[in-house]
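What follows is a single chain, given as structure tokens, in the form predicted on its own.
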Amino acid sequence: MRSVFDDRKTIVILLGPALLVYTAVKLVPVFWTGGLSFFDGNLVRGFQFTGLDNVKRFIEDPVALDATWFTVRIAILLTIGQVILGYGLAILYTFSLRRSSALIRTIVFFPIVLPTVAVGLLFTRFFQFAPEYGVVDTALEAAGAEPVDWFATGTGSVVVLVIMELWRTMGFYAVLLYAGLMDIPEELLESARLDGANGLRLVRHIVVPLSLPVLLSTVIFSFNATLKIFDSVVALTNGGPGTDTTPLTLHMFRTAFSYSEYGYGATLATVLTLMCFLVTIVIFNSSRRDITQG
């Protein structure tokens, strides 16, 4: 095996096709989009080099800045919710529901395989206000509370969006974290229990430190995924009311494909790519520091 990895020709033959596909599918579109952000125009009018004009336009565009701020807020909210709920479910699978965890994992994981449009329509029905109350407003009215027009305000729309996304994705992150918890040696847990560590003390002093690498990987995965949220917003609110729930991805899509401003759309895509890249670097460096200290 060592002689194989010492042979450069063999390494090129083994890795070359995969690297070519990765370069064609991943790297070329990224650099192409970055280059397009220095131009203005479309396929009909042609493209003119404009330098940094699109960057200046982004800084002065209130809709783009609002979309960026909304993207950051929704990413933070969803990441916190997904990781906390997923980690809690993973701990329940491991320590309390071991015998029936396969059935429960399947039930909780099921929403992630549903089409996002179907889930969006389902939650629109649950939270609808007119022409008749949905399930949620009917329950509020039965409890003596005032029904709420959830989709009439930005705050109400964000609440429904967060609930829907957490319900749809928490099973996926629970299974991901459960795989990390399964790597903790059972002998170590038994030893800690014999030393008197049970319940929260066991989780705090043994489980969390040993599962920190997969936990931080999950944070990176969740934050990057929620920064690129698109289909859930389109299916549930289409960015409304107004532009209150418009993320950067939806603003980029409308700019590029509805208004045919490919250069400015490419600038928005480049900004989003840089945000994902910076978040990954920051969290990855934090994880390396924590592991070393541990």
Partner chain sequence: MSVATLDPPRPAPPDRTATGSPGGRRRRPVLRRLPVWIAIAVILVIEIYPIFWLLTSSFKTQTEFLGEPAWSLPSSLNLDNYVEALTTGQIGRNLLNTVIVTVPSLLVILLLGSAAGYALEVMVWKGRHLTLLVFVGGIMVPGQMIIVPLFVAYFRLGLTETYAPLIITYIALGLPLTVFMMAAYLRAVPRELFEAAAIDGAGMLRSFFSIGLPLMKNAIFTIALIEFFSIWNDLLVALTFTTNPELATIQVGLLNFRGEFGSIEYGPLFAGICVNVFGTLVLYLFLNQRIMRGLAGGALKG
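Numbering follows the first chain given and starts at 1. Between two forms, the rigid core is the largest collection of C-alphas that superpose within 1.5 Å. Bear in mind the structure is a predicted one, so any value in this text is a computation, not a measurement.
If you look for the form predicted in complex with the partner chain, you will not find it shown, but the lines that follow are about it.
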Handout entry: the partner chain in the predicted bound form: contacted by all of Thr50, Leu65 and Thr71, heavy atom 4.5 Å
Key = no
Practice task
Consider Leu43 of the chain shown here, and say whether it contacts the partner chain in the predicted bound form, taking contact as heavy atoms within 4.5 Å.
Solution key: yes
Practice task
Please run the contact check for Thr273 against the partner chain in the predicted bound form: heavy atoms, 4.5 angstroms, yes or no?
Solution key: yes
Exercise for the section: Mark Phe151 yes when one of its heavy atoms lies within 4.5 Å of a heavy atom of the partner chain in the predicted bound form, and no otherwise. Expected result: no
Exercise for the section: Would you check, heavy atoms only and a 4.5 Å threshold, whether Gly156 touches the partner chain in the predicted bound form? Expected result: no
Exercise for the section: Find the only residue in Ala192, Leu92, Ile84, Ile76 having a heavy atom within 4.5 Å of the partner chain in the predicted bound form. Expected result: Leu92
Handout entry: Partner contacts in the predicted bound form for 10 to 36 (non-hydrogen atom within 4.5 angstroms of the partner chain)
Key = Thr10, Ile11, Ile13, Leu14, Leu15, Pro17, Ala18, Leu19, Val21, Tyr22, Val25, Lys26, Leu27, Pro29, Val30, Trp32, Thr33, Gly34, Leu36
Problem - After fitting the core, Tyr22 CA displacement of 2 Å or more between the shown form and the other one - result: yes
Problem - Per-residue C-alpha change between the shown form and the other one, Cys276, threshold 2 Å, rigid core fit - result: no
